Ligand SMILES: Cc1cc2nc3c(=O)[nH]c(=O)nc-3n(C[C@H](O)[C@H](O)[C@H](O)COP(=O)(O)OP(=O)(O)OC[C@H]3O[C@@H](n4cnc5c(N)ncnc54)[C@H](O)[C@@H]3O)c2cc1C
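Below you will find one chain, with nothing else, as structure tokens; this is the form predicted on its own, and questions on how it binds or moves follow later.
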């Protein structure tokens, strides 16, 4: 039997985190085995998962009860939750974090009217949120976005094409970053709240990913949005997006860590039970060396992730270097762990639907989204050079 998830024993937590860890352990024990599904856009699954996360109180840690300029979330708690959820299911982790990621620009701005309308339904898992930033020709370079929002009286008219949008087709509302033109580049971007049933908002073809998730395209064709749905001030959309990613990027590393822990646990169980050359696979020195490498990657990642989360919670400032190290270090390490797991499972490791095969595919996108590994290296280097 594979060991269940346990809260890491590190000095970065307080009593509230320990209590949360106990609840997470209970959830992981009772959660159903992750299953892949071909349901278009995963709309039904997303809503079911979101409601379960709300019932367990986990969404309370991703979506503040009230928005405001001083709103913040506990990044250590967020990371613990993502680690535990990802240990069990990549899809569950995705639904959970998107409720926070796709509402953060809202609750970071202090827009009382919009917060009162959208935050509580997201917090209760009643409505699914999405964050529409990436475009066909603009990913890591957010300043290159081409979707436009032109003022027309008391409305804005949105036109453009978003791609790789998590929860596309499943979301009830989208936060959209579009070009309003106050200044060149990043200073001319603004954020808007757009309901999924707004005329002119279309869902494009389903995007089939290496690991099935609700990801697709969102297209705006003369989509008319009330000017009051602008989030924050004109030209502050880029800032809102960057602040959001800076808060949540550490937790990407936590999700990778959870998947890596599961891969290691599965591999330990397999090598103990698999007979090879008259004895368990685990007795072979080369196998033991690989297990040691996997464990080292897991524990190093844990330190990087929770140090970064602790810095975000306890010390003022962005801590971009530490955040980038957590995201880069944990996702790259998780990839190595998953690859070693597949290797030690042999043919079972590449059989479609086996646990380690699923983990291998789930981990791969983590090295790309919310800033690819190469981007994180640039952030780390700039942080070092500015010190």
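Computed from a predicted structure; not experimentally measured. Positions refer to the first chain, counted from 1.
The same protein also exists as the form predicted together with the ligand; that form is not shown, yet it is the one meant from here on.
Figure note: of the listed segments 287-295, 112-120, 213-221, 271-279, the one touching the ligand in the model of the complex, with heavy atoms no more than 4.5 Å away, is 213-221. For the candidate set 225, 98, 92, 189, a heavy atom within 4.5 Å of the ligand in the model of the complex is found for exactly one residue, namely 98.
The partner is absent here; in the model of the complex, the one residue of 71, 124, 134, 180 having a heavy atom within 4.5 Å of the ligand is 134. By the criterion of a heavy atom within 4.5 Å, residue 166 is counted among the residues contacting the ligand in the model of the complex. Interface residue remark: residue 283 is not counted as part of the site for the ligand in the model of the complex, having no heavy atom within 4.5 Å. Contact check for residue 374: a heavy atom falls within 4.5 Å of the ligand in the model of the complex. Under a 4.5 angstroms non-hydrogen atom cutoff, the ligand in the model of the complex lacks residue 160 among its neighbouring residues. Taking a 4.5 Å heavy atom cutoff to the ligand in the model of the complex, the contacting residues in 350-384 are 365, 368, 369, 370, 372, 374, 375, 378.
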